[in-house]
Structures are given as structure tokens and as C-alpha cells.
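In C-alpha cells, the next block holds one chain alone, the form predicted on its own.
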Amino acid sequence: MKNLLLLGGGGRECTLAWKLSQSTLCGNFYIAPGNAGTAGYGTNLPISVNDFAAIRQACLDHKIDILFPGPEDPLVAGIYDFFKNDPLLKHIIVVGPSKEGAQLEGSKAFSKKFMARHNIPTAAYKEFTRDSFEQGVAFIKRSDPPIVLKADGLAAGKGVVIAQTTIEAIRAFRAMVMDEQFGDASKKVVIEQFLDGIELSVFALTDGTNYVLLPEAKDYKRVGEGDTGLNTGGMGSISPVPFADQTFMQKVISRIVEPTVQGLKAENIIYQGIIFFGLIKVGDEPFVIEYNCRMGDPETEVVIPRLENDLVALILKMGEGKLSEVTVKFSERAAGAVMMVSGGYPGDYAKGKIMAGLEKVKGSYLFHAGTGLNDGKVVTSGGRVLAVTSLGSNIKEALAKSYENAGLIEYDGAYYRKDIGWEF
């Protein structure tokens, strides 16, 4: 039996907590800080994901064997290195890369250069700073719109602009670099070619040499139906992805996944954990839009319910460097997740709204994202509140069940998109 500490408090972590707690290898299980949903699978600890000193003490107090950082912040900040450099913590398996490995997500420029070195297909690009502002403007003027601008560092999912005109691109570039719109994250900006296609997410678990693929997924970022309105952290997701057939996925594996894993090893970059490949299918060809160093959200809410393996057993094999001995099994059933959000999200929204109807839900999983407990009642505490996930014989059947159950859940200002999976 292994004692586990899972870092995070969103829908991704609630889904991981649900899965990890089912393992026969799971001993005492803690989630920091967790939410109202994770409290049903383990013990929530009031610790920030970035408070390394408090995380260290919790690991010592609770004799933790496995640390699983859910979000990117602690990984990019170097929690893997923090643990491995501490004599009292170095035996703990950390599900995530070294600080250098996490730069695949932490720096757009780092990841672009890595892809160039290993001939991994991605959009053509150049990078600019305040000192090269005029060259950046000249580059934009030479480029055909739409033009994609990305803050180099972490910007909470808001650091990407797809400008439809040259003027809009220059305005966005000035705001990022000169006006420090995203602080340190936009001191450097990557300007890249716009790729026109359909997106999907692919996930690999690697031990640094070997890897296994988890089920692929597609998420829906825009707040409005018909993929309109502002970008969000994700309004829903589906798995499998109908267009990701065997021929396409073989291209993904041979051109993207394997060169990435082999490239990290060749450069002596320590990476034991999840590699998230944000991909786009242009014609019949896959390109990398971005890497993440952790599971995605809300993709986790459909990927993990389709994973039939014991997740703790997979992590232990990863820690031993023996993922080559593992065969990953997926459910043949499809999964569909609908994200219920607070009124006003992704703009300003109220918190503390009492939720009702959760007990009426039948045949779906409820993965809490932004919830808390107040006097024993479940209340909203974030913009994205709850993912309703269902399995079905196909995507339409799965989503129909999710929508049926989402309709039973009530709180002031509740909103969800009613067209997740619309193109399939």
C-alpha cells in the first residue's frame, strides 16, 4: 500500500482522486487543497500547491510515497527538483518532470526550439522582446493574418491571441511586450503562423525512456455555443476523437510522441510523468500547437474514466522505469463531459452559491472543479464549477446522459454549453 498526496483543487484533480482512490495499492490518500468533491475520496489538506515547505512537511507527517502535482505551476517552479534534492524526500515518486523538463510548458520559446531541434512538426515562428519590438512589428506586417501571438511564460491560459488583422496583431503585441499585459510571462512573445484545422489532445505517460499512451480527447474552449465568445479553461470534452483514426494516430506517434520522448532523453532532460500534446490536424497531418507538462482540464474528465488500468500501478511502473512492461487498456465506450460554470464566467462571477440536486444525478460522474463546503452544504467557489461526465456506446449517447443530469443540478447563475461534440 502506498500513501499518496495529490496537489490541486480543480476538476482534473477530482477526477484523478476518484481514479487513484479505487486502486488496491492506494493507502492513505491526501489532496491539497482539494474541493468538496475530492473530500469524498481522501483527506483534504489546506495547503497551496506552491507552498513547497508545507508540502514537504505534509509528506513527512503522512509518510507519503507518491506525490502527484495536478497543475503546472508547482512543476514549472521545480517541485521535482525540490524533492530529489532533499535527503528526506528523494525516495518519493514525483509524477512530473524536472524544472527543465517542465519548460516544455513553461516557455513557448523553449518548446519551439526543442521541436526545431528534433524535427517535430509545428507552426513556423519567431520570438521577440521589448528590445526587438520594431523588428516584431515589421515581422507582423510581413505576415498574412490571422496571426498568432503567445506570451512565452505561463499566463493562466490567457496568453494566446489569434489576431484577425495586422492592426489587431500589432496592438496585442504592444500590450504584451511594452505594456507587460502578462507581467514576466510576456517579456518574450512568440509570433507564429496560423494553422487552420481541428484540434485534439494526446497524452503520454513516460518514465524517461518508455511511454504509454492514454486515451485521446477533444475539449471545447469557447464559452458560447457554436464555439463563440471568450476563451475559457474548457466548457466540455469528448473521448475518443472520431477523426483520430489508426492512420492519423500512427503519424502522431512516429512524428511527434516518439521524437519528443527520445529528444528529452538525448538531451538528458529528466522527465517522468505526463506529456500533454496539444495537436491540430491540418488536412491529414498532425502539428504540435503546444506541450503541457500535466493532464489537461477538462480532458482529464473524459480520459481517466476510459482508462481501465490501475493508475497507482502505472505510476509505480513509471517510477521503476518499467513502463515497457505495461499494456494500457481503454474502455471501448465513449465519454462526454459537460462543464457547468458560474454566471458571468470567464469574466467576473459570484461565489458561494448553494448547489442543489446533486443527489438526483444517476448514471453520470460528478467531478467537482470550483466547489467548497459551507456549513455542510456544497457551494460554488470558482468559475468552472462541476463537470458532468457520462459513458455511452457513442459520443452522442454519452453526452445525452450528461445533459440529462446537468439539468437536475441547480444553483444561482448556472450555465453550460448545450452543443459539446456538435461537429460529431
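Note that the structure is predicted; figures quoted are calculated from it, not measured. In case it trips you up, residue 1 is the first one in the sequence shown, and so on.
What follows is about the form predicted in complex with a small molecule, which we do not show.
- Only one listed stretch (147-155, 113-121, 314-322, 174-182) carries heavy atoms within 4.5 Å of the small molecule in the predicted bound form, and that stretch is 147-155.
- With a 4.5 Å cutoff on heavy atoms, Ile289 counts as touching the small molecule in the predicted bound form.
- Put simply, Leu195 is close to the small molecule in the predicted bound form: some heavy atom of it is within 4.5 Å.
- Proximity of Glu199 to the small molecule in the predicted bound form falls within the 4.5 Å heavy atom cutoff.
- With a 4.5 Å cutoff on heavy atoms, Met249 does not count as touching the small molecule in the predicted bound form; it lies far away.
- The three residues Lys2, Leu67 and Lys84 each lack any heavy atom within 4.5 Å of the small molecule in the predicted bound form.
- With the partner omitted from this view, the residue of Ile253, Ile170, Ile162, Val328 that lies near the small molecule in the predicted bound form is Ile162 [heavy atom within 4.5 Å].
- Comment: the small molecule is not present in this chain, but in the predicted bound form one of Lys99, Lys221, Lys265, Lys126 has a heavy atom within 4.5 Å of it, namely Lys221.
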